[in-house]
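Heads up, the chain below is alone and in the form predicted alone; it's given as structure tokens.
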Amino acid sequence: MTEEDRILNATEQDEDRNDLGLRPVALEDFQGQTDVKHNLRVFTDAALGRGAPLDHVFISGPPGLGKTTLAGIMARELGTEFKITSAPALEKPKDLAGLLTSIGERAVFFIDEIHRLRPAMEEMLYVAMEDFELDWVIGQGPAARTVRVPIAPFTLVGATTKPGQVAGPLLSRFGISLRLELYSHEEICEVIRRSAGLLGLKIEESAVKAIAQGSRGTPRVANRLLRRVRDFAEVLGDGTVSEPVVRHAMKRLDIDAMGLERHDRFILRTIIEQYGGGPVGAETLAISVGEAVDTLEDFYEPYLIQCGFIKRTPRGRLATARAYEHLNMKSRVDENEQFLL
């Protein structure tokens, strides 16, 4: 693998590669996020009509909702080149400079986890995004001088799960800001129906709903669960994905009816049993459950909050009455705060 391949493939994971055949390639095929799609259609059509690059796009939202997929769709809709990398892979300014000087006219350049860009790379992007030029230092010491290298007009698409950690000067240079939200039950059902069709699966409607219920409002999780259910259907049945097969598979995978996995329930039990239902700080909780704070906040908490199992407060995380009920545990409610203590 060449150095450029290492940088460009940095955001590709095994699970992403498994989903390649299921990823939509056009806005019409992208399920959910209706308002985002409608606005993006207007922006891409306007850019095509002007023959100009699409304005720089900032995409935020929880992992697994399709930020990378949406960036690829933009490139296809615009009929341009698509280059993809992640901020941690850009170790030196020359890495970023090499990519920017090699992209074609109106290309879409996607940077995942853009909140993790090093300051030197951010400074380089400021000029590149506004003037389509690079500031490059030639020489060293007193003889050093800065020259500006022109680059092709391009569209930067930055994606992050932590928009609050993106530097203000960088964020202000994006002309389009898109926020992806967790999917509704019916939207996830549409994702599953489409994926089942692409996989050639015979699936009952009750099974679609059962899988959707355990998918955490996330297409990536829905597709992963669908592939695992397919395995059980093929090995233990006749290949048809039915609701009993889904229930059996989810039980074997230790996923409950709400989509909570063992570790989700462990997090809730830790808040309740070790900290009396809370409040408990994120760092303390992360240490207690053996997870990084980023993983806790980016992957586990959004769905637990959406389900109403935990609540964020200035004092920390609190388990709600619904969490106690879901775990079949007794609770005591503070009538003044309506929180579980």
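None of the values given here were measured: they were computed from a predicted structure. Heads up: residue numbers just count along the shown sequence, starting at 1.
One more form of this protein should be noted, the form predicted in complex with adenosine-5'-diphosphate, which is absent from this view; the next part is about it.
For adenosine-5'-diphosphate in the predicted bound form, the listed stretch (127 to 135, 264 to 272, 187 to 195, 234 to 242) containing residues with heavy atoms inside 4.5 Å is 187 to 195. Against adenosine-5'-diphosphate in the predicted bound form, the set 22, 69 and 183 is in full contact: each member has a heavy atom within 4.5 Å.
Contact check for residue 278: no non-hydrogen atom falls within 4.5 Å of adenosine-5'-diphosphate in the predicted bound form. Among heavy atoms of residue 302, none comes within 4.5 Å of adenosine-5'-diphosphate in the predicted bound form.
A residue is said to contact a partner when one of its heavy atoms sits within 4.5 Å of a partner heavy atom; residue 106 fails this definition for adenosine-5'-diphosphate in the predicted bound form, lying far away. By the criterion of a heavy atom within 4.5 Å, residue 158 is excluded from the residues contacting adenosine-5'-diphosphate in the predicted bound form.
The listed set 283, 35, 29, 45 contains one residue whose heavy atoms approach adenosine-5'-diphosphate in the predicted bound form to within 4.5 Å, identified as 29. Taking a 4.5 Å heavy atom cutoff to adenosine-5'-diphosphate in the predicted bound form, the contact residue among 310, 65, 54, 40 is 65. Taking adenosine-5'-diphosphate as it sits in the predicted bound form, the stretch 198 to 237 comes within 4.5 angstroms of it through a non-hydrogen atom at 219, 220, 223.
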